[in-house]
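Just the one chain here, the form predicted on its own, laid out as structure tokens.
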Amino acid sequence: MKWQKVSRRTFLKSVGAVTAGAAMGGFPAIIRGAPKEILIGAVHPLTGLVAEAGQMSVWGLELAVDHVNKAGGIKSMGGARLRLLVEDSESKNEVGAMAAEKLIRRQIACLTGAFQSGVTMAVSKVADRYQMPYVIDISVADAITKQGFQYTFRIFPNLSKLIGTGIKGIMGVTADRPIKRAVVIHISEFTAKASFNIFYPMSEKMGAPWEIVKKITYPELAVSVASEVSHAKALKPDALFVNCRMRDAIMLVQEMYKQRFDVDGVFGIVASGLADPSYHKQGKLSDYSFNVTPWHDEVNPFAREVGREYEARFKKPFNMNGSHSYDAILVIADALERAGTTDKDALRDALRATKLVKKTSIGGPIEFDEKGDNIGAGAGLMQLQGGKSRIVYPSEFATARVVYPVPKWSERG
């Protein structure tokens, strides 16, 4: 990498900093040669089933990189600018692992990504093998941070935390009309199965009032969910608990409307499909559905300002994808600033000591526990109202009053 030019004033200022650093017993990184540009590698799905969500995450990364650079770059490294390199995982684990290796060969300082838990697990293994600091922006599987990885950190809440928050939220918003009978409908894939494997025992442990009268699954490439909806309707539940992707989520509510299948509420249990902008565009069909999901902090002025800029620039809503990816870059930039070097071990140690308060996602400050999970990671119970996701739980982040039970199909015009 090239050495950065410095003015006389900057040089003298640097000399002062060097003298101060030496007096404290150590030499700051600037005298070892600060890079002019710091490469950050990102692996995300830009093709495949979740390509749109992956692209929205990449936009969050790009926006944060721009903001860091406009604010003067990494000042402890002579104002070094961040540069983002993005590789497509194609929504495949093995492709994601190869993409991570390709980025590492390009001398990146840190990795981020990778959205799907299977891909993220594969990337984590590569990162640990190459001792490459890796900040996961989005991925939920608890297992990722249970592998003993030394260089992997995650800002997204894990499944257990998400579902615990979700159960509290569902019990809270339905307190005046508790759910007694519920049917579960979910896609037959890893994250959905893992979600409900946690949801069932956790509901019982937390004293949830509902009985799950039936668990219905459908294949990943299903072209219709008519028979599943018909089966559920016959059981006359108060509510549905679902986990589905965007295409399936749309099929589900279309079929419920077609069959005039009314329930008090449809609750997504960490259902990515219900957080997708294309689902939100279904109007009266998708309105009033709930979803347990991380989100951006709509009460926080900084997050609101970032959200406005994101939406003006990319013409897409600022949601959990853009927000957590944006925050991942803030975490990396903060660690680089404190480390003062791109040395992998120094950066890993700086990440371990993270305490980031200024961010866009809901929850407390970003701090990592011994496994690399974010202690402050938060989540909310969202409800679609007028085509927009509104936080209805917890109350400190709420942006709307809950509507429950939801209007019947015949009442929606």
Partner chain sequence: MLYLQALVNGILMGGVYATMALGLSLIFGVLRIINLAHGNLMVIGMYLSYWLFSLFGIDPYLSLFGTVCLLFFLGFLIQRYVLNPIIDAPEEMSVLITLGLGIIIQNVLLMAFGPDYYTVDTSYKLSSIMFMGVSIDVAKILTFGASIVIAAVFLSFLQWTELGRAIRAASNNRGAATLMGINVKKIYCIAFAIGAATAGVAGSCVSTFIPTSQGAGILFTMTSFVIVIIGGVGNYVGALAGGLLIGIVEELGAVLISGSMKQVLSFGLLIVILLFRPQGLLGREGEE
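Positions refer to the first chain, counted from 1. Because the structure is predicted, anything quoted here is derived from the model rather than measured.
The discussion below concerns the form predicted together with its partner chain, not included here.
Undergrad: For its partner chain, considered in the model of the complex: do all three of 231, 234 and 255 come within 4.5 Å of it, counting heavy atoms only?
TA: Contact check passed for all of 231, 234 and 255.
Undergrad: Within 4.5 Å, heavy atoms only, one stretch in 346-354, 46-54, 366-374, 66-74 touches its partner chain in the model of the complex. Which?
TA: Among the candidates, contact is made by 46-54.
Undergrad: If you check in the model of the complex, is residue 188 within 4.5 Å of its partner chain, heavy atoms only?
TA: Close contact exists here: in the model of the complex, residue 188 approaches its partner chain to within 4.5 Å, heavy atoms only.
Undergrad: Is there a heavy atom of residue 260 lying 4.5 Å or less from a heavy atom of its partner chain in the model of the complex?
TA: It does: once its partner chain is placed as it appears in the model of the complex, residue 260 has a heavy atom within 4.5 Å of it.
Undergrad: Do residue 246 and its partner chain share at least one heavy atom pair within 4.5 Å in the model of the complex?
TA: Judged by the heavy-atom cut-off of 4.5 Å, residue 246 is in contact with its partner chain in the model of the complex.
Undergrad: Determine whether any heavy atom of residue 226 comes within 4.5 Å of a heavy atom of its partner chain in the model of the complex, and answer yes or no.
TA: So residue 226 counts as contacting its partner chain.
Undergrad: Looking at 330, 184, 173, 285, which has any heavy atom no more than 4.5 Å from its partner chain in the model of the complex?
TA: Selected option: 285.
Undergrad: Consider the chain as shown here, without its partner, and state which of 250, 141, 104, 98 has a heavy atom within 4.5 Å of its partner chain in the model of the complex.
TA: Checking each option against its partner chain in the model of the complex, the one that comes within 4.5 Å is 250.
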